[in-house]
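Shown next as structure tokens: one chain only, the form predicted on its own.
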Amino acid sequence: MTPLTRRAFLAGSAAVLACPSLPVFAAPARAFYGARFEEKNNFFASAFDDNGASLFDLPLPARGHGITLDPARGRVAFFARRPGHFAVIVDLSARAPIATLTPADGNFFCGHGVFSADGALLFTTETVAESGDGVIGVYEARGLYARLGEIPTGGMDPHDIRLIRGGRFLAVANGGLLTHPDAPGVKLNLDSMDSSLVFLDLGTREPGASFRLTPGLRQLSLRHLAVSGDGTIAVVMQYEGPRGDPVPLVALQRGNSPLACLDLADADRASLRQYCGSAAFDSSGRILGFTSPLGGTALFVDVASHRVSGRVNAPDICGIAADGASGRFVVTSGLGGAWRKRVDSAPVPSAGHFAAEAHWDNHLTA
């Protein structure tokens, strides 16, 4: 393990700032980024415009998962599915890959990452394979994407990650599961798993505040995050206990307050089948959308009232992103399909053949 020292952090930032600037990316009015797959193990980093037409479609070495944007530099990173060993950086002006990252020896990527507020650094969720410890890999992001070091997450199985509080902190969802690349998909610590939401202070490079559910909900794995404009963090979860247990799958965290679970009606909770796959706030921050590929459903909830204000039912629905205006989203399916959804009306299939026919992976970013 190579800890991220203050000297390395500052040296990397200085080297980054010395690099010549690139042309600013002239993005379309709206673009959506996601990984997709075809039969015979063909995988792609892809994007489509507001009409569902392809913007680019680039080969990936294996199945993709999370996506993060650097709008200042016009770049997007596509991460491998856990346990992953690549992240591909695409330059949006050239619509071509410019770099491929690999984790440190003995680590694997956990599917997500985020650029710093100024685009100078890329943070990735990683696991140390032998110990199961979670770390955040730190890479300079304006040069050759050299690895600068890593920051402990204070838990196991870090999955999703977001910038919060003006870019001064990272919010990390430690899923709490012990796995090993030699046994993909096998969960080795279901009786002792410890999942948490942790804030990492980028000034001290140390875990700060930590939030956990009550002990009776210990087998809920905190997986994916969404952050609204006012700083509210939504956490969607996957349950590793008995299928019939009536457990919540969505929680909100505000300021320094504890995690507060959404109070969904029994039928709505049951429709998620103990598994949430992705989440997004709308542009107003008042509506939270979240998906369940196992349940074939997306729910849209008013976070103030906890009232479900809309839904989409489609097999293997998982990707979700805000679609500009208040109350509007785009959702995608792993079995093929993309829909526009306004919470107060029926979903509308994408008019573009590319978005409508592609088999999309778990996440969508706009």
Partner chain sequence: MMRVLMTVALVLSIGVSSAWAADDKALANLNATLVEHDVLPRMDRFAEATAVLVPAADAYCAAPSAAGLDALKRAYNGAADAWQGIQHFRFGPMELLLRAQRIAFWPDPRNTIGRQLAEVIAAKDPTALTPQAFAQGRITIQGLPAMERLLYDDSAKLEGGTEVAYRCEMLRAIARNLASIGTDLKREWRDGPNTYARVVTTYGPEAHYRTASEATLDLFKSLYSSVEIVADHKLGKPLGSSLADAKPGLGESARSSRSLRNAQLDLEAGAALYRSGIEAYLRETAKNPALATQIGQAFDKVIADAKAVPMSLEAAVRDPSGRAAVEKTQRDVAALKTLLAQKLSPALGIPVGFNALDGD
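Small disclaimer: the values here were computed from a predicted structure and weren't measured. Positions refer to the first chain, counted from 1.
If you look for the form predicted in complex with its partner chain, you will not find it shown, but the lines that follow are about it.
Considering its partner chain in the model of the complex, the lone stretch of 206 to 214, 251 to 259, 67 to 75, 222 to 230 in range is 222 to 230 [heavy atom distance within 4.5 Å]. Contact with its partner chain in the model of the complex holds for all three of 131, 182 and 349, each having a heavy atom within 4.5 Å.
Site annotation in the model of the complex: the residue of 294, 247, 163, 98 reaching within 4.5 Å of its partner chain with a heavy atom is 294.
A single residue from the set 286, 81, 142, 147 has any heavy atom within 4.5 angstroms of its partner chain in the model of the complex; that residue is 81.
Put simply, residue 334 is close to its partner chain in the model of the complex: some heavy atom of it is within 4.5 Å. In the model of the complex, its partner chain sits within 4.5 Å of a heavy atom belonging to residue 315.
Among heavy atoms of residue 199, none comes within 4.5 Å of its partner chain in the model of the complex.
The shortest heavy atom separation between residue 339 and its partner chain in the model of the complex is within 4.5 Å. Heavy atoms closer than or equal to 4.5 Å to its partner chain in the model of the complex belong, across 223 to 258, to the residues 223, 224, 238, 241, 242, 243, 244, ordered by sequence position.
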